[in-house]
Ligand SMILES: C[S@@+](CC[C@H](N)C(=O)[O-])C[C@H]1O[C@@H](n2cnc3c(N)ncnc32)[C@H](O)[C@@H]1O
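There is one chain below, alone, in structure tokens, taken in the form predicted alone.
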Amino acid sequence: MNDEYKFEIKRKRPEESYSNVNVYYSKENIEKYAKSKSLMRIQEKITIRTLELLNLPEHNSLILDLGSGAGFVGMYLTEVGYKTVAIDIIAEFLRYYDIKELNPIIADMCILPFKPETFDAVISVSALQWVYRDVNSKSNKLALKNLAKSVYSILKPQSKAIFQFYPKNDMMMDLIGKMFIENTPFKGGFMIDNPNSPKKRKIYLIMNKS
């Protein structure tokens, strides 16, 4: 999907060091994450940018917050008037705050428990890198395929799914994009904000359902 933009993150990230997301997010790490004001501000900024890219016609659109964590994204969406459902595999995240308005559901984001054409949009912030983090893993590849197909199914026609994530390098980014395109009728590509600044760079995979 991308032939020119190159990057490589040298430092080892949590998804490379831990066997799965449940192992990394211990009770201590969940508490640090959920209480972090800086993370809340960062995710709110990402959510604002994602809403710009979604360009939803109505404020009462139903949005799925995929891999919601402590609910920073979903809470902001609710504050500005959207109906939101939050889903995460880590139960402790969904219990940390009183996020009943987000209709929290404990489930694997790769196997979505919703009827077809339920949502007007899907937003995922900082979660996709946990799904596909090893190019040699057959289980990672299968999980990503399931995710792409599930998201396509639960979206209404003429809607979008946007994934902001932190791939290790351009090869990983492209492989993830190709997996969506090759396994679903989705059309789309990447939006990269601040591409020349590793600290400020934000990568968005934008998938359109016709």
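Don't overthink the numbering: it's just position in the shown sequence, from 1. Not measured: the values here are computed from a predicted model.
Although it is not shown, the form predicted in complex with the named molecule is what the next lines describe.
- The candidate spot formed by L51, L62 and I162 lies out of contact with the named molecule in the predicted complex, as no residue has a heavy atom within 4.5 Å of it.
- Of the candidate stretches 181 to 189, 150 to 158, 168 to 176, 62 to 70, only 62 to 70 contains residues with a heavy atom within 4.5 Å of the named molecule in the predicted complex.
- Although the partner is absent here, V131 is a contact residue: one of its heavy atoms lies within 4.5 angstroms of the named molecule in the predicted complex.
- The closest heavy atom approach of E101 to the named molecule in the predicted complex falls outside 4.5 Å.
- Of the heavy atoms in F93, some are within 4.5 Å of the named molecule in the predicted complex.
- Contact check for T78: every heavy atom lies farther than 4.5 Å from the named molecule in the predicted complex.
- With contact defined as any non-hydrogen atom lying within 4.5 angstroms of the named molecule in the predicted complex, the contacting residues in 33 to 60 are Y33, Q43, given in sequence order.
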